[in-house]
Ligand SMILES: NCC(=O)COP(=O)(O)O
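Listed next as structure tokens is one chain, alone, in the form predicted on its own.
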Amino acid sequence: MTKLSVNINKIATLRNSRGGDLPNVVQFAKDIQRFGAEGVTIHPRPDERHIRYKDAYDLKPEVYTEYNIEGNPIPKFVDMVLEIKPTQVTLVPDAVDAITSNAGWDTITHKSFLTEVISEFKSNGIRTSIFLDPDLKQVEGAKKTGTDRIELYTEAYAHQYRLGNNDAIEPYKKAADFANSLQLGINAGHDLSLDNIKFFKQNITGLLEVSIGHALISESLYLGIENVVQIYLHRLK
């Protein structure tokens, strides 16, 4: 069964827009777990424009499912993850000025750096995942870093699926099959939605986890958060 981890960055964005504490991200994390979500994802960035580093610490005692912290492993991020010890850390090569994640790692060029960081996280009992384009060479490179999992960057699939191009799933199928042969766990995320999640799940063998934020929160404005979480869980079964 594929686990649903809800990215709550957009809740923090809404909170920050008024400068107060409404909506409260910790309460929201507690609620989505109560509604059935099997994980909580956050992605703090250096400018703290949505999730703040303090949020990451405040959430730790309240996430009783899986706690996934995403981000670029700059020293401040690494130190935070080592202190919190979440279930999983997902390494994302964000530029400082990136609006959102827009590329996977070059695991060949950055092999030494990734290997060192991953080794430190794993020695502290933290599962590791690398954000990755569906490229077989990059999957092979990821295996050589010692990571436990990869997270397939699904924006290209989501865009093409919306245009009616179901063949956009093919690179992801091949990458997943190759990852399975290398005994790498498979996660996925970015622009997955109620419209495209079922088809993706049906075609990706061994899909362990999806991390969904922007679409899920947007859909919840119309359908309600508890209802949307239940629909995702149904489509992932």
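Start at 1 with the first residue shown and count on from there. What you are looking at is a predicted structure, and each value in this text was computed from that prediction instead of being measured.
Absent from the display: the form predicted together with the ligand. The rest refers to it.
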Given the ligand in the orientation seen in the predicted complex, superposed onto this form through the C-alphas lining the site, is the binding site open or blocked (3 or more ligand atoms within 2.4 angstroms of backbone or C-beta atoms = blocked)? open
Residues in which of 25-33, 57-65, 169-177, 206-214 have heavy atoms within 4.5 Å of the ligand in the predicted complex? 206-214
E38, heavy atom within 4.5 angstroms of the ligand in the predicted complex: no
Scan 1-26 and write down, in order along the chain, each residue with a heavy atom lying within 4.5 Å of the ligand in the predicted complex. N7
